[in-house]
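The data below hold one chain only, encoded as structure tokens and taken in the form predicted alone.
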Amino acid sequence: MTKKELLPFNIPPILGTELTNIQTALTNRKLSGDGFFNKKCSDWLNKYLGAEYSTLTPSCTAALEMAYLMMDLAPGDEVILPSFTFTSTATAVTLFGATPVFVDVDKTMNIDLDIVEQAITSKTKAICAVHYAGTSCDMNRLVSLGKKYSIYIVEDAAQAIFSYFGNKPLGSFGDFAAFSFHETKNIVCGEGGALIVNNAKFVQRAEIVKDKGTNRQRFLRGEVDKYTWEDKGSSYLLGEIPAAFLLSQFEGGERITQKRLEVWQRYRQNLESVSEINIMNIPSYSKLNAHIFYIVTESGAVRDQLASYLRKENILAISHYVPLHSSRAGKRFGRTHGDQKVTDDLASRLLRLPLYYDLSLDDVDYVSEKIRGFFLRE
């Protein structure tokens, strides 16, 4: 195939209907949080997930912080989470003086539940599962662990919109779940996120916490004659313009997901016979949203050589997280339970390939051809 212009790793999807919603928001002259489009998005999430309550937030990070604030996370508490994740999963814990406890992942790149149970102590306040690449650990088992030890379950579902465990959407299992709508995700609004509350006892407090600790929502509903400060809180609202954009993405989400799945399946079809690499390990219980397609090379050196080779062919393929347990801040603020054998090994060999809504199947074939060509070189 003829050498192409640069194929970026990601391009955010634009469906063409977003501007109509944005124009309506401008016409409504309501641009701050909790407007028409915010409520429409929350209604969509509640229906999709069967949630008790949801609210849009400025980011997935903010949603995680909001969850830990509501469960009164404090110094001396611990939250178990995988080391192979983005920093927000841990910084949301350390913000409250609590300790992230890093555990290893299994071959699916999701938290190893055998190790999780071993890591539970009297200080454990919550377990945060990260749905890497839109897959998950065994959510039934995780929820059972939470009940067994009276521990809160948090889903870091940043990558998992339109992914399922069995027939149930990810984000609907934990006491809390947090989604990301950053432009690198499947469904986007530039910067944004959502907090999902599946535990009914936190619904009333969520309304207060998101509104700077006030009972403003009760005031707006006419339940009190003025609003005042009642609890801890912060500014966790998303503005109407990104919410208007996001509603269009929600409504077209199945279309976006289907296109990404076509790309994902083409990669798999093209590369599963390449003996020098392994492709993603997908558990039988997972229904993917095609957030990521990654391959695993035989060594870190080969991964880096392949990435460099692809870059020369105008293909941007990149690695992923530096495991948190090995980071400067991870060593300072967290503790590591057990070894991180799988995390360290797979993180050093994992390479993510371009995958986005506008990527053509011809582009996928081009990337695949170059990968095969790399391994056929003498």
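Start at 1 and count along the sequence shown; that's the residue number. Being a predicted model, the structure only gives us computed values, none of them experimental.
Same protein, other form: the form predicted together with a small molecule, not shown, and the subject of what follows.
Sole residue of Tyr309, Tyr321, Trp44, Phe333 within 4.5 Å of the small molecule in the predicted complex, by heavy atom
Flagged contact: Tyr321.
Have a look at Thr85, Asn289, Gln249, Thr297 for me and say which one sits with a heavy atom within 4.5 Å of the small molecule in the predicted complex.
Selected residue: Thr85.
Can you work out whether Cys60 and the small molecule are in contact in the predicted complex, taking contact to mean some heavy atom pair no more than 4.5 Å apart?
Yes.
4.5 angstroms heavy atom contact with the small molecule in the predicted complex for Val130:
Looking in the predicted complex, residue contacts with the small molecule include Val130, since a heavy atom lies within 4.5 Å.
Would you classify Lys185 as touching the small molecule in the predicted complex, given a 4.5 Å non-hydrogen atom cut-off?
Contact with the small molecule, yes.
With the partner left out of view, is Thr89 within 4.5 angstroms of the small molecule in the predicted complex by any non-hydrogen atom?
Contact check for Thr89: yes, within 4.5 Å of the small molecule in the predicted complex.
Quick check for you: of 155-163, 94-102, 233-241, 258-266, which stretch puts a non-hydrogen atom within 4.5 Å of the small molecule in the predicted complex?
Selected range: 155-163.
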